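Just one chain follows, in the form predicted alone, and it is written as structure tokens.
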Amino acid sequence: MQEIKRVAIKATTQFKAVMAQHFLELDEAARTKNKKVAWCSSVGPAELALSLGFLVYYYENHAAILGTNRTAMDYIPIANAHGYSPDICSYLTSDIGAYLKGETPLTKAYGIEKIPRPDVLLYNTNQCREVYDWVNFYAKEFKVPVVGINTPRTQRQVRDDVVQSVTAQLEEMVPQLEEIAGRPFDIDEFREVLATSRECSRLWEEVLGTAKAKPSTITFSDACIHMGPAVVMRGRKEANEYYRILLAELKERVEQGIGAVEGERHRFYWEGMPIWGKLRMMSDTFGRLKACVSVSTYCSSWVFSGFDPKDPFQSMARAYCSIFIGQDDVGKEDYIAEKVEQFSIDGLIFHDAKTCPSNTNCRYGMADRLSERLGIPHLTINGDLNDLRCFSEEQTITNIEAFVEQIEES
């Protein structure tokens, strides 16, 4: 097997420090009760909780770690035995299974004995309904309240009446969170958190944008790792400080012509969830073929440029209603087409994630429509976000090799 040469990202040291701070703060809060802890879905409404002094724990992030370290398959059957179907979200089943077994990957990574006990559970169905079912399991386990937002899906455009509905739901959360937090809500603190979160979005979007350079500065696998602070620390100044460091390094790569893939010949777009336990294997496969997955829908999920501190509730509602996963196919296809042009993409990679229909977009003809519209080929990879039993490494490598060969011969 050909050795894949990599240019290490120097900012990784700071990345690890920021992520460690996040988890160790949560662990201390859970042990000492010095701060209240809110569990929250990855796509909001974290900023509201932060403005009331909560530390925020993201259960989807914990599930992604289970996928990355390939222990998810140990825990999914436990949740299945507890009545959760093997066909539903493997984030949910692996996380609940790990809880039922009393284990967490945070022990090995940070010496943390167990996940932090929540004081409140937050959710937003803008990405999927599963987060609602997920938090309701823990509500029964920890006997704590659930507070959330129900957001419409498959929107042709973000309608004003939808934004007003979500705005009202956000505002209705405030008295409940005030009571749990034991302190009054301060609109100026909320504005400050939202401004900090918007700056994080701007910096992260600029980081991703450096991949427009030829050769691309980073790969999809790089972005899946380094998006961590944008997920778990947005609204905190530490995340913004980290992305300034990373952005400076990537801009230097652009100036010096340093690419993430040595001898880059092909540039791909990744649509769908990562296959967390195979990030390195996939990166190596593409790298060996001189191909770079330069851009993805997934890693842009934490860009909320619509946040406006002058109108915090309504702008937050509109931003969270505007995420890619909540749009209809027309909006999604227009978005992908724009990215394909901006990043000079040669081919589309669709991940058909077995247990994630909400974030799988190749089941209703989109891949064929986009190939015809854009004049570039597509490849569908069958797998899953966490359950590697749904993934064939040998078949996937063969399919990727054939896809690259098809492009080279065209």
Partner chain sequence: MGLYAGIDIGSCTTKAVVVDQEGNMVGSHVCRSGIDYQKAVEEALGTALGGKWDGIPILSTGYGRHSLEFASGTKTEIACHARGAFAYVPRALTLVDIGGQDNKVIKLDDKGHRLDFRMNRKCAAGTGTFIEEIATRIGIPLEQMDGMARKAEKRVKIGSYCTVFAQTEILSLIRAGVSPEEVARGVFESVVDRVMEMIPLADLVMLCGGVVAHNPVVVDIFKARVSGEVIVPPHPQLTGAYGAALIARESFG
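Numbering follows the first chain given and starts at 1. What you are looking at is a predicted structure, and each value in this text was computed from that prediction instead of being measured.
Beyond the structure shown, there is the form predicted in complex with its partner chain, which is absent from this document and is the topic of what follows.
> Considering its partner chain in the predicted complex, find the one stretch among 58-66, 339-347, 42-50, 375-383 with heavy atoms no farther than 4.5 Å from it.
Selected stretch: 375-383.
> With the distance limit set at 4.5 angstroms and only heavy atoms considered, check whether 402, 405 and 409 all reach its partner chain in the predicted complex.
Checked in the predicted complex: all three residues contact its partner chain.
> If the cut-off is 4.5 angstroms on heavy atoms, which of these, 129, 288, 251, 159, is the one near its partner chain in the predicted complex?
Exactly one listed residue reaches within 4.5 Å, namely 288.
> Within 4.5 Å, heavy atoms only: does residue 24 come near its partner chain in the predicted complex?
Close contact is absent here: in the predicted complex, residue 24 is far from its partner chain, nothing within 4.5 Å, heavy atoms only.
> So in the predicted complex, is its partner chain close enough to residue 398 to count as touching (4.5 Å, heavy atoms)?
Judged by the heavy-atom cut-off of 4.5 Å, residue 398 is in contact with its partner chain in the predicted complex.
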